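In the block that follows, a single chain appears as structure tokens, in the form predicted alone.
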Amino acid sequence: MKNKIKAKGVSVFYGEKQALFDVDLNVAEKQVTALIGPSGCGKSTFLRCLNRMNDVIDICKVSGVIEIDGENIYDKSVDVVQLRERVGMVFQKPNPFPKSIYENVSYGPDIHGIAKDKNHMDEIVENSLKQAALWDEVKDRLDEPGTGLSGGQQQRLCIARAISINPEVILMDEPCSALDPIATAKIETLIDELKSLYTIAIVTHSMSQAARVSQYTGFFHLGKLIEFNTTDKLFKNPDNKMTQDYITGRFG
């Protein structure tokens, strides 16, 4: 198993308040790594460190080292735009652009100059929608607004948008929390299929979801990484009593 991302000694401060304490966590290549823990425990904060989304918050300060393929992404020489090309993100609430389904997916490749011509762009859009298991549902209405789709379809559109620029890593921040069980099951199946192509890190408040979709799981509590292990081991035989208590519902 090769680690795509290595985080060492990562601490995050929002002004005076410390949100993450000295986190060491690796994300395995082409596997799904889940981050679980109670609300406000730092899991989303950690996820946002991986593509420097915290940079947009003025009072946020990140220390420690995060490497992708051995390169420190917080190095002064790193181009954040290029970093976010490599590390795509899907958010909690589906947030399609107020544009057509086609334009939602073509937007990234257009900005980054990926498509050679219109035919190539059509191909990228079709492939991205196919990978996101949405093509068959929308192929006859690509010029209709993305906001007209159902919640689950909108989230799959956002996944198609994330993969349209061919990232290496996809971060998902509670991608199913706004969806019903059927839409959630579709996204989970999709995550399972996408891991053969992408390295995926997912924050989820659903322990059953973490158990279903991930190969590795990290349990966060009060800004600290309490335990990190294979998902199987962490859920069936955790090393830490706090992990055990959280999984069995004694606190959280």
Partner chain sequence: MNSILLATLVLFAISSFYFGRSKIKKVALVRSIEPKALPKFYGYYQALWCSIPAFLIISFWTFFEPIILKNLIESRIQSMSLNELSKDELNLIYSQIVSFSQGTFTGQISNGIKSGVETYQSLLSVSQGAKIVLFFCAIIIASLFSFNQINKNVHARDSVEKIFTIILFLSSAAAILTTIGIIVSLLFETIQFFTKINPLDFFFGLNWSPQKAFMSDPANMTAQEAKDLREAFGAVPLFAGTAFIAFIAMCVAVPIGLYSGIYLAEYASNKQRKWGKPIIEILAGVPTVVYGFFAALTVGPFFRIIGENLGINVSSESALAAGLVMGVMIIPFVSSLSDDVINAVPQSLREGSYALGATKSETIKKVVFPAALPGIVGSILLAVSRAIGETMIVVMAAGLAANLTINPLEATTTITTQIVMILVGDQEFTSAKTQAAFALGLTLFVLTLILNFIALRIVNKYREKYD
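Being a predicted model, the structure only gives us computed values, none of them experimental. Residue numbers count along the first chain shown, from 1.
Not on display, but discussed next: the form predicted together with its partner chain.
S.K.: Is every one of H112, A162 and I165 in contact with its partner chain in the predicted bound form, taking contact as a heavy atom within 4.5 Å?
M.R.: All of them do, each having a heavy atom within 4.5 Å of the partner.
S.K.: Which of these stretches, 86 to 94, 132 to 140, 118 to 126, 174 to 182, has heavy atoms within 4.5 Å of its partner chain in the predicted bound form?
M.R.: In short, 86 to 94.
S.K.: Of the options M53, L190, A211, L225, which one has a non-hydrogen atom that comes within 4.5 Å of its partner chain in the predicted bound form?
M.R.: Among M53, L190, A211, L225, a heavy atom within 4.5 Å of its partner chain in the predicted bound form occurs only for M53.
S.K.: What is the one choice in H221, K195, R48, K186 with a heavy atom within 4.5 Å of its partner chain in the predicted bound form?
M.R.: Of the listed residues, the single hit is R48.
S.K.: Is Y107 one of the residues lying within 4.5 Å of its partner chain in the predicted bound form, judged by heavy atom distances?
M.R.: So Y107 counts as contacting its partner chain.
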